[in-house]
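This document contains two forms of one protein chain, each encoded as structure tokens and listed individually as structure 1 and structure 2.
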Structure 1
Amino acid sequence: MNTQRIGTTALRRVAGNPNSFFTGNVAKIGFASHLNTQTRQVATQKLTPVDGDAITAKQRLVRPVSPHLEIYDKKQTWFGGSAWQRITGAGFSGGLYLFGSAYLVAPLLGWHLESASIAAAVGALPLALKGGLKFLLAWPFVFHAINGVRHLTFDMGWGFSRNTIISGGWYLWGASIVGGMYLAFFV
């Protein structure tokens, strides 16, 4: 055994079998003044139940609210399939409602929203703009369709394992972008 080992063994012995003098007196001798500052006097007060409820009510009025969405993991908040399902669906429904209302009042205002005029207007657009607009319509459509089926399977109780949900979310983004590009540029 070398000298270092002997030293550590001795240290272990002291730590393993502390003698009562050492542990009992080091605090008193060495750190007594510091320890004294740590004691705190606890003042208790008797309250009636009504007063207690009043304090609870006051505390609840200043409860913190839930934090903003930004503090959570971006993969779950920004790319969450269900949030985009709502966004894409509300976009299409809003578009349908806007177009429907406009179509109804078009004769009164002299607008031309018949399918022939719209087709002619779209046909007159430059190619890049037309392609971009078509992708902006096709991608949310494919996304909403695929994710809609995905959510219907969730509603049947299928595919609820954590890994399936996470990987399915990324497949959803890939498939919807590819499908949207196909519908926009090859159909």
Structure 2
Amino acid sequence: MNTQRIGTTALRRVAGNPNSFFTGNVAKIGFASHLNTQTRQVATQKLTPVDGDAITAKQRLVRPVSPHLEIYDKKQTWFGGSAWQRITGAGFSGGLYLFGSAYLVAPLLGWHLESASIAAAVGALPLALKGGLKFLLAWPFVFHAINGVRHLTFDMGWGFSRNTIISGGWYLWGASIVGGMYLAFFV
């Protein structure tokens, strides 16, 4: 609040009593801008609300309409990588923030989120459950990595034919599932 008052007071003093440097520069700027500025006469007329609505209605008829999701071919884009790229990225970001926050408040709440405690808890789980949990963490990581490369190729303008998009989607899903299984069960 005090900073605002100081700034307002300073502006009032400058506006009320400008120095010679300030007024000299204003004259130079005004002279230079007058030489480079184009002007045109504008004619305005008063419109009634009905006339204004009629003009707006005519303008709306020629405006471009942005496409809706229903225009896309479901066979080409259904279950596509772009939505899942965002979902996996948001999942990783949310998980990082959630675990980071829990790790910070763990000593206050008596939780044990140290590496040794987590390793002991996971070690006590049955083998199938451990593999399933590892797959649930590994698959989004592999998918996000592979699909990130695919998006980079799209950014370069490669692979936009229909057959390439469809086959690339199948390869993406297959490679991410195989890669997630490899990380979950062999690493």
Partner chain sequence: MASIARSALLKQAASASVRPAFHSSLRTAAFHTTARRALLPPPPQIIEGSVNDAAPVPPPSPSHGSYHWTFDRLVAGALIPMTVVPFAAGSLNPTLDAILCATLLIHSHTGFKAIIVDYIPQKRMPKIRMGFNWLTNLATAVVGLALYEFETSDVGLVEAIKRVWAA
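What you see is a predicted model, and the numbers here were worked out from it, not measured in a lab. Superpose the two forms; the largest set of C-alphas matching within 1.5 Å is the rigid core. For numbering, take structure 1's sequence and count from 1.
Here the chain appears twice, and structure 2 is the form predicted on its own.
A C-alpha shift of 20.6 Å is found for K46 between structure 1 and structure 2, based on superposition of the rigid core.
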